[in-house]
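Below sits a lone chain in structure tokens, taken as the form predicted alone.
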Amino acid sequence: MRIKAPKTIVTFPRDGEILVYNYLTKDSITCAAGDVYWLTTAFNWTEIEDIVNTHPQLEPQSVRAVLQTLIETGMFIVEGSEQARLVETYEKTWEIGPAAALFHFTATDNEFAPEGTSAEVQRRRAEIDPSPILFTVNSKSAIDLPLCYGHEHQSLMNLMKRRRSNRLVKQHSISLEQLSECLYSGLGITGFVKTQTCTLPLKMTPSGGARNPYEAYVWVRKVIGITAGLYHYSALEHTLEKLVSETNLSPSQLMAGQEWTNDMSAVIFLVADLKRTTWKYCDTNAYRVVLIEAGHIAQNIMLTCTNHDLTACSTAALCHSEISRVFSLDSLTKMPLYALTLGHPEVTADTYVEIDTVKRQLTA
């Protein structure tokens, strides 16, 4: 049997011991500092008996036992195993280094607390550690700026001011025209520019290097003029193609148990094709550039929803592997990162507080 330590292992000190963590599989162990040595004995494929034989001063059976433990805990991989194939795929396709990979894979498929539990945790924390102030106030010498909304010619400002994320929605269908405008405003291609290296798409939102890493997959649930199902949106053609795959899951099962998503009329999943960006940018910052672009796209979609008196609630609490399975995303570098749910907003129970009220409280 040949084994090796994958390149996806990092170590951290913890309470006098060492935490060894494989970020690709999320396997981890805690051990004595000296035990980490064994991971240095097989940087390449190595027979277990070769490792045993190079340590004649140690009891062979004890060496085999240590190596077996490291195999069982995912710190060593076995040649030909599923884990070895996963590592091989990672090494061939991941181009922006271990720092971005550590964040990406650690943040994938995490468990999230139910909404009620999360609220209770926040209430308890607030009793001993109040929330930080969520805005910064200038001194009295600051300059007053002209009003940015309220006039007819400032319709864009008024639209942005009306935008709200309302998770409580009516059981009404949205129209195909509304869905169409949401998709086009966020991802639509408006033209191309030819450079020395390639022809780049121009979009409704900025894209790092014009690399256009995002595709949209749509779960149509209640949309007038189109049958329910899973679709792919082509930004170039501005078309929806129904996928062969179907799902008997509910939206909440793809979005970390968030039950409010089950009432929405449609869900837009933003999936990043990381290779499009890393073809040009092969550094860790490329990952940040891709994440930022999701915000650009989502904001356009949300404003378009507001213009149609709809609500678009965004969430990053996703079941990434399940979404990838449902939409047949078979590449390690095609990543569902963000989702927007569309619907007709219902009256919310949240209490609205005028900004002037808060200002008066600060000066009281």
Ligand SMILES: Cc1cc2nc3c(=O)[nH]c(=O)nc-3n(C[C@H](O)[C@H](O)[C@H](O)COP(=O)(O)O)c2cc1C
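Throughout, we count residues from 1 along the sequence that is shown. The shown structure was predicted, so the numbers you read here are calculated from the model rather than taken from an experiment.
Just so you know, the form predicted together with this ligand exists too; it's not on screen, but the next bit is about it.
Note on contacts: among Arg167, Arg211, His104, Lys203, the single residue with a heavy atom within 4.5 Å of this ligand in the model of the complex is Arg167. Shown without its partner, this chain lists Val326, Ala42, Cys313, Met335 as candidates; in the model of the complex, only Cys313 has a non-hydrogen atom within 4.5 angstroms of this ligand. Using a 4.5 Å cutoff between non-hydrogen atoms, Ala317 counts as a contact of this ligand in the model of the complex. Using a 4.5 angstroms limit between non-hydrogen atoms, Tyr90 is distant from this ligand in the model of the complex. Heavy atoms of Trp260 reach within 4.5 Å of this ligand in the model of the complex, making it an interface residue.
This ligand is not drawn, but in the model of the complex it has no heavy atom within 4.5 Å of Lys242. Proximity to this ligand in the model of the complex, taken as heavy atoms within 4.5 Å, picks out 157-165 from the listed stretches 157-165, 195-203, 71-79, 269-277.
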